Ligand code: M3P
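Given as structure tokens, the chain that follows is alone and in the form predicted alone.
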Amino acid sequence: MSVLRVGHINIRVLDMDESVNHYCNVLGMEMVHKDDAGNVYLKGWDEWDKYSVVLSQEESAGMNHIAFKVKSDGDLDSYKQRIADYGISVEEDAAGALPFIGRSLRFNLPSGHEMRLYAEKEFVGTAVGSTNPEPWPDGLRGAGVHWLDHALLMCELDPEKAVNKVAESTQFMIDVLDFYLVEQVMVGPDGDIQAATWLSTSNTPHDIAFVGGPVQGLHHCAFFLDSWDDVLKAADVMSKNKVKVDVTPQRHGITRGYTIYAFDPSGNRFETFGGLGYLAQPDRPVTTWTEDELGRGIFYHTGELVESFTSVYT
């Protein structure tokens, strides 16, 4: 029984035409489907399942849900029981409730974010195929992102009220969904408040992350690129398309990844994340960052936090 990877994210947008243009022509994703409700489904060129991003036009930006793919259909029964035993309400949806997906589980994390688990999604293959593939396809647009890599979710954190949804959600992911902790930020006078965590279910530095804030929300979703050169090209593409950039090309101390943060037309933050950083393993020692080094942990080159990075999210 195992969770394989992040499967898709459902993002709320304010203007569908602007959003489709952004995700297709700036990030370089492909639109694969539009349903009767107007939701648009997208995939990266290096993804083999039907889609990884769903855009839903609504009155406010943010995230409706994030979904993870599990190894087999039978795993859903085991996870359903484990989630219920943990004290969290979980519902099962029939095949097709999520388009092109088999039966799925629906529940809320301790943070309040909605999560789905599923085992089956329509297979379509990558843009280069699986037999004698080229390293990349012709005709890539924009940044040419490979795949949806991870998401960072904002969780309520108020030490004065003894509320720490970062710690609660982190423990749930470990105890119930078999993720493991890769990195963490510890703050407070005694350095004992878990303010941010990065968790993996694979060998990447993180498949999901949680960071504390005044209210829950979506901090960003991230798309994978190969290298530093690709990250710089993505910055050029964003500049050419007048995309609002939050943080220009940088290296993270946390995860060691190369990064750019910017906003889609609705104000949802996204990241183009380059390089794997390091090979994560369940027995790798957890990396801990202290409050006095937090700036360098997030933005290694400058060692300084960007105000909007910690205060603006959807």
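Position 1 is the first residue in the sequence shown; the rest follow in order. Treat the numbers as computed from the prediction; the structure is a model and nothing was measured.
Just so you know, the form predicted in complex with the named molecule exists too; it's not on screen, but the next bit is about it.
A.B. asks: Which one of 211, 177, 181, 231 is close to the named molecule in the predicted bound form, taking close to mean a heavy atom within 4.5 Å?
C.D. replies: Of the candidates 211, 177, 181, 231, 211 is the one lying within 4.5 Å of the named molecule in the predicted bound form.
A.B. asks: Using a 4.5 Å heavy atom cut-off, which residue among 254, 61, 54, 67 comes into contact with the named molecule in the predicted bound form?
C.D. replies: Here the answer is residue option 254.
A.B. asks: Should residue 121 be classed as touching the named molecule in the predicted bound form when contacts are defined as heavy atoms within 4.5 Å?
C.D. replies: Heavy-atom contact with the named molecule at 4.5 Å: absent for residue 121.
A.B. asks: Is there a non-hydrogen atom of residue 298 within 4.5 angstroms of a non-hydrogen atom of the named molecule in the predicted bound form?
C.D. replies: Residue 298 belongs to the contact set for the named molecule.
A.B. asks: May I ask you to state whether residue 273 is within 4.5 Å of the named molecule in the predicted bound form, using heavy atom distances?
C.D. replies: Answer yes; at least one heavy atom of residue 273 falls within 4.5 Å of the named molecule in the predicted bound form.
A.B. asks: Answer with yes or no whether residue 220 is in contact with the named molecule in the predicted bound form, where contact means some heavy atom within 4.5 Å.
C.D. replies: Yes, residue 220 sits close enough to the named molecule in the predicted bound form that at least one of its heavy atoms falls within 4.5 Å.
A.B. asks: Counting only heavy atoms and a 4.5 Å cut-off, does the named molecule in the predicted bound form sit next to every one of 23, 31 and 43?
C.D. replies: Contact check failed for every one of 23, 31 and 43.
A.B. asks: If we take heavy atoms and a 4.5 Å cut-off, which stretch out of 97-105, 186-194, 163-171, 145-153 is in contact with the named molecule in the predicted bound form?
C.D. replies: Residues of 145-153 come within 4.5 Å of the partner.
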